[in-house]
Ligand SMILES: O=C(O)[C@H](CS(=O)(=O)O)OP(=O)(O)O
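For reference, the chain that follows is the form predicted alone, supplied as structure tokens.
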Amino acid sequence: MRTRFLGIAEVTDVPDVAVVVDVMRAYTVAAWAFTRGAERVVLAESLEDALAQKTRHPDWVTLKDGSPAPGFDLVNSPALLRNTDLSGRTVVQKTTAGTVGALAVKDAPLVLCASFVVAEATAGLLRERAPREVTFVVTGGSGRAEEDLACAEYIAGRAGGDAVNADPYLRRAAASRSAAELTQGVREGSSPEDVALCLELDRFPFAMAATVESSLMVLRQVTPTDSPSA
């Protein structure tokens, strides 16, 4: 399996398989949303788009980066979301990097959205599909965010069937600029607990696949058949 690691702006073609990585925090938050009962996550193109979806569907739950804002129900923080009951709800998510990365590859036949909390399930799904090439979209820092690159490289190794020691990858993520900013409270709409939650390797047994449904980019849970819980 060939792999390539690109920033969002570097994606100039339609990959056969794309794994969009946002560790801190979009795809950690999305995984928690599913665990709290969400049926699906709609990846919004803009804040205005998210608010328009809320207007059309008042029962949908809107979520954004940064501080709370009118029309939005939640912020992009796993610590602040993990006790929220989302049973049967549709969550509309708009973030600075993660959702942008997924929309950049929306025409790919297979789009997976990933972070450390769903790393093994994502790798397991890639092993099942056995694609010839996988494009990892490293969403943060113009493709250089250490936490996203470390996670992408770890998943790539596991997808290739290697017995990979996760500790060095987790240490890289823990020492990243994003982790420091979250710990120091630099980012609004966050909690210092977010870092630890984002580094819970394989916390959840499912992967997350995004497809276009009625013009919306929709993220849903997918469980590989080789998952221990399958």
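Quick caveat, the model's predicted, so the values are computed rather than measured. Start at 1 with the first residue shown and count on from there.
We do not show the form predicted together with the ligand, though everything after this point is about it.
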property: The ligand overlaid from its position in the model of the complex: site open or blocked at 2.4 Å backbone/C-beta; result: open
property: Candidate spot Arg40, Ala114 and Ala210, all three touching the ligand in the model of the complex (heavy atom, 4.5 Å); result: no
property: Options 155-163, 117-125, 130-138, 89-97; stretch whose heavy atom lies within 4.5 Å of the ligand in the model of the complex; result: 89-97
property: The ligand contact in the model of the complex: Ala26, any heavy atom under 4.5 Å; result: yes
property: Non-hydrogen atom contact Arg187 with the ligand in the model of the complex at 4.5 angstroms; result: yes
property: Sequence-ordered residues of 191-218 touching the ligand in the model of the complex, heavy atom within 4.5 Å; result: none
